[in-house]
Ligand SMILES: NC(=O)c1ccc[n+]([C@@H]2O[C@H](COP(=O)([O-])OP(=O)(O)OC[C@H]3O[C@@H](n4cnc5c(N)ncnc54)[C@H](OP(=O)(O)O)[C@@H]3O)[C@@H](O)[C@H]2O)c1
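Heads up, the chain below is alone and in the form predicted alone; it's given as structure tokens.
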């Protein structure tokens, strides 16, 4: 698969993995729709891309405003005529004990990471089905494979994404729709800085493990490789992604190992 001239819509495109994917798809010759809440950061990313300005559409959105998603999809189609790829990357992490987190914070994390995500997919899906082609690239997490300290709602939302998109894949693959679930481990982005604490405020701290992770650019490269290969799921990161294999085959050993990990 080549992404030259393809219409690629990326949420969370203002930083981190989303920004790195924008750079990588631009190098492939794609036409890009960049979405996030921060317009100034989207404009910064757009100016840095190696494609013509007319091939970039800045479309600010808040994932929690799900009632607007169908209209956003219409705007993309009005601008470029179609949508070929939706990269559902936008989201928020968590750094709080379950016992300390009020339900409204849990709901906010679920609203952004799950409902906002699938609402946008449902807005795009009719276009994919009508044109008999399309690709969903869903940025989940290894937290979608197992729980971890301070991630109860975040992990729950990522687990939910797997259930939804694995079902969607089975329902739509005969119509030319491809679903890739991406499970990053430790990636050097601001995900921990922007994570929500128990009171709903930002964590404002870079975790040591996150700082030591692979670059967002390396992650984006592997995502595009997996997408081009038509894979259904890909794990990306360092040694930490081996935990998924250990949990599957040696659950008791996994339990001992994960409990020894540094909570952060």
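Positions refer to the first chain, counted from 1. Just so it is clear, the structure is predicted and the values come from calculations on it, not from any experiment.
One more form of this protein should be noted, the form predicted in complex with the named molecule, which is absent from this view; the next part is about it.
Among heavy atoms of residue 191, some come within 4.5 Å of the named molecule in the model of the complex. Among heavy atoms of residue 226, none comes within 4.5 Å of the named molecule in the model of the complex. The closest heavy atom approach of residue 150 to the named molecule in the model of the complex falls outside 4.5 Å. Under a 4.5 angstroms non-hydrogen atom cutoff, the named molecule in the model of the complex lacks residue 87 among its neighbouring residues.
Though the named molecule is absent from this view, in the model of the complex it lies within 4.5 Å of a heavy atom of just one residue from 221, 205, 55, 37, which is 37. The stretch from 71-79, 166-174, 98-106, 133-141 that comes within 4.5 Å of the named molecule in the model of the complex, counting heavy atoms only, is 133-141. Using a 4.5 Å cut-off on any heavy atom, the residues of 6-26 that reach the named molecule in the model of the complex are, in sequence order, 12, 13, 14, 15, 16, 17, 18.
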